[in-house]
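A single chain comes next, written as C-alpha cells; it is the form predicted on its own.
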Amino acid sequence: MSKIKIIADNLSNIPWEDKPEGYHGPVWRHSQNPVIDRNPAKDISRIFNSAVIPYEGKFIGVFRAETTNGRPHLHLGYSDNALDWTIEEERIEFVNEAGEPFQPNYAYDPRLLKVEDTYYIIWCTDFYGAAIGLAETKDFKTFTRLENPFLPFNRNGVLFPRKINGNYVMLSRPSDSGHTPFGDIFLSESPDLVYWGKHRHVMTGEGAEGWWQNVKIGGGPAPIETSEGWLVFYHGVTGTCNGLVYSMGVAILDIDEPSKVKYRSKNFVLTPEESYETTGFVDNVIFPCATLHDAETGKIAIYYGSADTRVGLAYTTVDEIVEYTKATHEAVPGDNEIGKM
C-alpha cells in the first residue's frame, strides 16, 4: 500500500517490473524496451508518441502511426497485457456530430483518457496550421470529432481526467507552425468542450535552473489525481551543438487551482541514454504521452515515444516520484501563482 493516494481505480494487471538493484533514479526503464519497434504493421514504418488506457479488463491504445508515405495518422491497438500490441492496419475514421466523414489531414501525438462515461482523444491536427484536435467515443467503434478547441498555433493538448470546479480543463502549449523554438504550458477551461476560456499560464522552462528544459516544455500524459495534487509528467527540451534533446520532467499542481505549481523537480527524471532513445528518425527524444496507474499499490507505468521511432515503457511509484519531486523542488518565478496576468 502506498502512503500517497492515487485517486483512481485499481488496476491489478498493470505491467510492472521492480526497480533494478543499484539503480538510483526515480523512474526506471522496462527491461525489454522498446515495447513497439519499427514496422509494427503493414504500411506503418514507425509508431511512437502514443496513448494507452485500460478497457474491458484489457488495454486499448491510440497510436501515432507514421505511414510509408510519411504522413502520420491515428491507429487503434489492442493488448491483453499492455506490452504485446496488435495494431490495426487501417487508420481511425472520424465523423462529425452529424455522422458525416470528418477526417483530419494529419494527426499525431495523441492523448487518450476517460472523463465520466466518455473516452476522449486529443491530438495535433491541421487547422490552417498546427492546432489541437478533439474527438470522443464510447465504444472505440464510432469516433466523433468535436470542434477544434483552440486557434492555431497550438500543440500538446492534455485533458484532465475529471472536471474541476464544474469545468473541463485542458493543458496546451501555444506555439508556431514550425519546429517551435519556444513554448510554455498553459491551461484553459470549458463548460462544454466547445467554448474555452479562463486561460492561465502554468509553467515555463525559461529561467529554471535545470537547463534540460530551457528551450521549451509541453504537457505529457493526462494528469494523475493524488492526495498531494495533480501529478504531471511533461517533456522539456534543450538545445545542443548536435540538435535538440527531449527529456521527461515531473511536477505537482494544486488540486483546485491547477495553474499553480506546488512542486517541480529541477532535474529530469528520464533522458535519452539507451540506443533506442538516442538513435532513430529523430535522435535523442523521450516524449511521454500516457500512464497506467494502480490506486491500490501506487504503481505507475509511463509510455513514451523514443527517438520518434519506437514506444518505450518506464516505471515508478507514486510514493517515490512525489518524494523525489519534493526533495528536488525548484521554485521557478511565477509557478506558484494562479497564472493570470
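From 1 onward, residues are counted along the sequence shown. Here the structure is a predicted model, which is why all the values come from computation and not from measurement.
FYI, the form predicted in complex with a small molecule isn't displayed, but the following is about it.
Put simply, of A65, V311, V52, V285 only one has a heavy atom within 4.5 Å of the small molecule in the predicted bound form, and it is V285. Between the small molecule and the residues H73, R155, R200, K262, the one pair within 4.5 Å by heavy atoms in the predicted bound form involves R155. At a distance threshold of 4.5 angstroms between non-hydrogen atoms, F233 is out of contact with the small molecule in the predicted bound form.
At the 4.5 Å threshold, heavy atoms of Y108 reach the small molecule in the predicted bound form. For W123, no non-hydrogen atom is located within 4.5 Å of the small molecule in the predicted bound form, even though that partner is not displayed. The stretch among 312 to 320, 52 to 60, 27 to 35, 285 to 293 whose residues place heavy atoms within 4.5 Å of the small molecule in the predicted bound form is 285 to 293.
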